[in-house]
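The chain that follows stands alone, in the form predicted alone, written as structure tokens.
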């Protein structure tokens, strides 16, 4: 049965971070907007399988770890979380439902029509929606915003069954906390889950083809992550290939390495990247071109090769961050309305909710040395900051990278509140601040922010020594 609906100014396909912001921005500009979402809930993978669940589990795991550490007798033995995984997952589910309810209310409040069903193109201006009850509806629109998101890549050599071998979207469906686990991948999602499960007492083996996990980050951050991961019983195996992984049919997952060795664990997680979701969209009927990586190419305003069709979020590729996707969605809606959205910032921060937490914005030390010979760094260890002692947040560091001309070009943080702490430096980058900015201004005492002044003084001292050596030479 087919039902014809009204014409909309803007149809947004997908309700992830980019889709939500695009819809709201367009609605606030007076457009008649609808969102097509194939799932029953709003928010996409970000809310239901990715960003929110992993971060919520991260917070709950740290809370349980601190509680166990506080009341346990002093011992060198590793602690294992004694509760059930379902207890933790139950709390995460409650957070997801609350966030979903808030987002739905926000969309409705802005007059956005929510259509649940799978959308596909009939022609560049017409979408057919197949609803969960089997009915279909046809809707026409002046503009389309594609925000289909992404899904975990499923390599042929990994027999994912979502029970014994999970993908990153199904890992939270585990019925119990395993004794042992292997995680394939060294990217953000892999390291977040691997470190959280290790903190809960699972013997986790993290395997990646690269020499170090999170190789795109500053080397100081990745080394501290690995040290902390291994202190909590985790094992990292770099420069290694798992060529076959499958459940043995009894109780163990067998992971076979390229050298022929086999690792047997209770559970496994595969996190070897994500791919965009354009399948089923019948995108060929729209005229939009998809490149060989199944990504949609767009211009600076998010416009595809078809002038009235835009795209944002994971479907257009890196940086594949929820924060960046939100801004992309806003910019797309501004372009549709002919409104200047402002310059999209080159300083997009990265926040990784592993244990320990990691955050970065700007150039790494190695990148700065290549671009600005003579670049120096300044560090502040949280154990030397009074607020770190008070809040028992002593494990971590802030690192500032600056040029020989004292220009701040990179900020990197590891440890408690790293993802929050990095934004002070981000504002400095955006305003073109020099290192003096953090030396000559007063910070509240005691605060976590004080670490900026300590790191800036350290950088200043390092640069002064380097200048003195050059003068002598």
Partner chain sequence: MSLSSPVVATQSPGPDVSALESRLRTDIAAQRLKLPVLPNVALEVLSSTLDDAADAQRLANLIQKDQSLATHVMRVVNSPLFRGSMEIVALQQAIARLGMVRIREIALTASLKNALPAKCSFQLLMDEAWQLGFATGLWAKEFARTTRKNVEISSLGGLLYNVGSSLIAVELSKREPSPSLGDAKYLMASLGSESGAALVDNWKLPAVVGTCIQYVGDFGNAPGNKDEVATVEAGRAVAVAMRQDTIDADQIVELDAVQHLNLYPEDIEELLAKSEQISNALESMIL
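Residue numbers count along the first chain shown, from 1. Nothing here was measured: the structure is a model prediction, and the numbers come from that model.
This protein has a second form, the form predicted together with the partner chain, left out of what is shown; the following refers to that one.
Engineer: I'd like to know whether residue 399 contacts the partner chain in the predicted bound form, with contact meaning heavy atoms within 4.5 angstroms.
Structural biologist: Taking the distances in the predicted bound form, the answer for residue 399 is no, it never comes within 4.5 Å of the partner chain.
Engineer: Closest heavy atom of residue 175 to the partner chain in the predicted bound form, within 4.5 Å or not?
Structural biologist: Yes - in the predicted bound form, heavy atoms of residue 175 and the partner chain come within 4.5 Å of each other.
Engineer: Residue-level contact is defined here as any heavy atom of the residue lying within 4.5 Å of the partner chain in the predicted bound form; does residue 179 satisfy this criterion?
Structural biologist: Residue-level check for residue 179: yes, a contact with the partner chain.
Engineer: Does any part of residue 169 reach within 4.5 Å of the partner chain in the predicted bound form? Heavy atoms only, please.
Structural biologist: Yes.
Engineer: Looking at 293 to 301, 128 to 136, 332 to 340, 366 to 374, which one sits within 4.5 Å of the partner chain in the predicted bound form if you count heavy atoms only?
Structural biologist: Residues of 128 to 136 come within 4.5 Å of the partner.
Engineer: Here the chain is shown alone; which of 209, 387, 118, 246 has a heavy atom within 4.5 Å of the partner chain in the predicted bound form?
Structural biologist: The residue in contact is 118.
Engineer: Please identify the residue among 220, 100, 266, 395 with any heavy atom within 4.5 Å of the partner chain in the predicted bound form.
Structural biologist: Here the answer is residue option 266.
Engineer: Can you tell me which residues in 145 to 163 come within 4.5 angstroms of the partner chain in the predicted bound form, by heavy atoms?
Structural biologist: Heavy-atom contacts to the partner chain in the predicted bound form: 161, 162, 163.
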